[in-house]
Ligand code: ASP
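Next up: a single chain in structure tokens, the form predicted on its own.
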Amino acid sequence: MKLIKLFATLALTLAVCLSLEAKPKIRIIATGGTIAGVSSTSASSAYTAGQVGIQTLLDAVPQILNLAEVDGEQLVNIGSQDMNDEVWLKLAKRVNQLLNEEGYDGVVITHGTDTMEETAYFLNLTVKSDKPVVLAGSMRPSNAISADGPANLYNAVAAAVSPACKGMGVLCCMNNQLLDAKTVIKTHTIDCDTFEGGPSGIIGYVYNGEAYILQTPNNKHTVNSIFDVSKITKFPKVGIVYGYANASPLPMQAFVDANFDGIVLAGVGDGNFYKDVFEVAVKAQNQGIQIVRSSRCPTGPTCLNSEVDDEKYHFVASLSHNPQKARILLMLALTKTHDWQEIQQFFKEY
């Protein structure tokens, strides 16, 4: 009996030791972008995005193996200017599978910076897990002088293994900063310090392989989102029309003629229309095409029932959503309802 107890104690001790030594399991999904780009010279001004594969990215940062048990897969290898609905659906379904069925503790996605904020927000509404999902990219190609990709990838893995990042929704990790998917915006065409968190600022940062959270998102996301893409194969068609002085109504009319389901206006000021565009927008709304007013201004809300009587025309005010994120939310909202008041509520909550 004493011998049995001794073996049992040894087995329990061994199991505890192994569990303490076990590292988090992280999957890196590569989609291309500048982080996988290659320049013909050491200068970063001329390069082609999406040239190197996932294994090359992993080999460039062997230090991540000190943080986690890491493996990778190549979903696509494109510049993010070519990101599209088909890839988004594939990506969201794959992330859900990895986190909810295959036992991964977190997912890191390498991505081009041009549309990183859009992919992050789409995943923020469609991933059904509170485990960390972190997007990382770079502003310089992989073979450039002082390439920023390896550091961003390392920091993204550090964030993905951090308990502090659990339940925070989808994050972007760039230039040592952690940014919330809803508020993150790309603000500079070429600078490494291009991503900002809008009026609310960054959500945290990574230093020496450790993630620090400064604030938590107050919008619904991930496990609290009602949007489910598991059975969706095609999204409603939603376009964006840019506002400017003496604007032509032709772009708005073109979306109407093409039977789009929704149109977002990147309006002037507080989401205002040029008069000729306004007339087309009213007709479109009356035909069942949902109009959302947003603003081309980089910061500040598009207010409900302010200069435009949204209730009268059944327009939706985007509130804190910029045009590109308003498009994503409207696209998903239209999979649930065509009631403008319900859609307005989504813009308040998400």
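The structure displayed is predicted, hence computed values, not measured ones. Residues carry their position along the shown sequence, with the first being 1.
Just so it is clear, the following notes concern the form predicted in complex with this ligand, a form of the same protein that is not shown.
Visitor: Using a 4.5 Å heavy atom cut-off, state whether residue 49 contacts this ligand in the predicted complex.
Guide: Although this ligand is absent here, residue 49 would touch it in the predicted complex, with heavy atoms inside 4.5 Å.
Visitor: Can any non-hydrogen atom of residue 112 be found within 4.5 angstroms of this ligand in the predicted complex?
Guide: Within the cut-off, so yes.
Visitor: Is there a heavy atom of residue 186 lying 4.5 Å or less from a heavy atom of this ligand in the predicted complex?
Guide: Residue 186: yes, in contact with this ligand in the predicted complex.
Visitor: With a cut-off of 4.5 Å between heavy atoms, is residue 79 one of the residues that contacts this ligand in the predicted complex?
Guide: Within the cut-off, so yes.
Visitor: Looking at 263, 206, 99, 139, which has any heavy atom no more than 4.5 Å from this ligand in the predicted complex?
Guide: If I apply the 4.5 Å criterion carefully, the residue I get is 139.
Visitor: Among 32 to 40, 299 to 307, 312 to 320, 51 to 59, which stretch sits within 4.5 Å of this ligand in the predicted complex, heavy atoms only?
Guide: Correct option: 32 to 40.
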